[in-house]
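Below are two forms of the same protein chain, given as structure tokens: structure 1, then structure 2.
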Structure 1
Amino acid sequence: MPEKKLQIALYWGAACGGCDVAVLDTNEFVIGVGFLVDIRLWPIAADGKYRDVEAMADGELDCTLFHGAIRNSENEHLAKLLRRKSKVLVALGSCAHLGGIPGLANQVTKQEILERVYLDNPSIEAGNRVVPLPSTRVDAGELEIPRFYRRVYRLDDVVPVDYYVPGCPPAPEQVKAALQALVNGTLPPARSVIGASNRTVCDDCRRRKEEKKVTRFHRPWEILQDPDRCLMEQGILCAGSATRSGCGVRCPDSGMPCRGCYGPAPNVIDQGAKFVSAVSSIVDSKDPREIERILGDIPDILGYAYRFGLPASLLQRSIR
């Protein structure tokens, strides 16, 4: 056991909590890590306070694992605070790395989101027209909540990030690799992607490729798939050719297509554009009307192509 334990923090921005579960899924490993580190902040598991972090000296934390995108002013404040207090800042998971699922909200405006959630929603009480404001006067005084930003940002858009651990969520083995590197003092060069490879998911996929094209696209539940054949060649949209490997090909091995959560493969500038190119290349037609019909089977091409990385793409967001 080291003479002085490492000081670390875990924090979530706009996220679902799955990355916290990935940390817990390391099972007894995380218990062993507990003997080597002091966890100073972990909102899902410990009752740490922001004021405790604010009272720390700059650089007092050896590392912060930050998961979640930047959606509001609280997320940004904690990102900047933890960056200042941490020697090493790790973007853990797709949301911190690329914007993640919350980043799909960049397709619409802030006003459209607020109207849909608080005004045009069948679950709200009839006649209720209240939209939250950053500051509201109530009987007990002034109530303040975080400001809702007009778009979603990845962590790197707000503060410098030292390392990335991709995935939605990252595989437990990746989380273990990151924590071991931190504890052992064997972190790779700055800005590295930890625990992922320089190959694509397709490169590591065991499914057989026959260079066949398709005349129709299907949702996974619509057909009885061949468990040994390439999913894309069966008309099931799979982002493996555009996505960095390192996950262990968990989704295709389970009969589900790659969703793209590990981000763009090395040397891919825009993951969504690469995916659209792959889809276009597999369509078995040269007739414009037939191509339009085949592509019409895809219900949400933007959602497929940029499911985890719209804020990190060349598009970034919709501008009205």
Structure 2
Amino acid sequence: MPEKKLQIALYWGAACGGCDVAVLDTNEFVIGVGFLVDIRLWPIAADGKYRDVEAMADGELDCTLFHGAIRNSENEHLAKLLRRKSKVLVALGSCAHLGGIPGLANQVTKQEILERVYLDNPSIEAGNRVVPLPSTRVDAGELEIPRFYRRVYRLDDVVPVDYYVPGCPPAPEQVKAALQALVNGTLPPARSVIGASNRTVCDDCRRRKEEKKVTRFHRPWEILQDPDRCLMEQGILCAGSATRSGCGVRCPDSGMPCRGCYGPAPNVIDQGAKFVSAVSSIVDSKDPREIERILGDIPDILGYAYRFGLPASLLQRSIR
């Protein structure tokens, strides 16, 4: 039991808040944690201002759990600020870890996003062409909003990260384990993934695995699946084989294919490319046209392969 309460912060970048919920999903554990730590910043649950953080001494925080990707200047600024104030920075969840769902925006340009959101959208009143600008002059003076970046970064791209807790969201048990390690001072060597296994989802998956030869790919709703057999063998594109385990096989257990949120296996540097390699390898044909046809059943391969990790891929973004 530490003599002094640990000083921690939780902050978010481009995120949905699911990771906050995951922390809360640890239920009574989080209350216990509350006895052991001082939560200095947690916008979703506690009060706290930028200036409070700015006032802290460097390294004053024992740990910051940062979730969400880096989408704009505010995300980056706070990431850097909290990095400086924290002894340990943890990337919590897929967005901070790999770029996450927001990272899929790396397929399009900033211009396309702005047009889609503010101009070319059915929910916008006709003739309304108001676009946010980084700075606006009002009577009270100059108002600034964060600058929207050309692309999405993962946390690691803008600040050095000490630990990664993957998942979208991370499984509550894994969050719990990470917090426990933090509180107990049993953290593994820096820059490692915690709260996950070294194998892939298949290791924990209860489904039966037999011969992998696919002649047709299906969307999950297109077929009546055998609940006991490997989804991939049934032609359902399941990313489990290319995804780090630790989630508790939540998706395949509920009849949905793994979508890859825990990121690549330890030895793999590009999850999507590996997934593409594995998936195409099991196509059961030697005829180029048939191969094209079979693989043609797979829609949006970039989105499939890098659903949670486009900014973490080798190519990171579309160059269009």
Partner chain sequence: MGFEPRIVGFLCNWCSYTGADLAGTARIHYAPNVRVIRVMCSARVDPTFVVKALAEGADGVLICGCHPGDCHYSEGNYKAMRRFPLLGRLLRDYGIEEDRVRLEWVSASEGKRFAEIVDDMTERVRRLGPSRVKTLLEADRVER
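Think of the rigid core as the biggest set of C-alphas that the two forms share within 1.5 Å after superposition. All values reported here derive from a predicted model rather than from experimental measurement. Numbers given to residues start at 1 and step along the sequence of structure 1.
**Q** Just one question: which structure is the form predicted together with its partner chain?
**A** Answer 2, the form predicted together with its partner chain.
**Q** Just checking, between the two structures and with the core aligned, does G34 shift 2 Å or more at the CA?
**A** After core superposition, the C-alpha of G34 moves less than 2 Å between the two structures.
**Q** Establish whether a shift of 2 Å or more occurs at the C-alpha of K286 between the two structures, with the two forms superposed on the rigid core.
**A** The answer is yes; the displacement is at least 2 Å.
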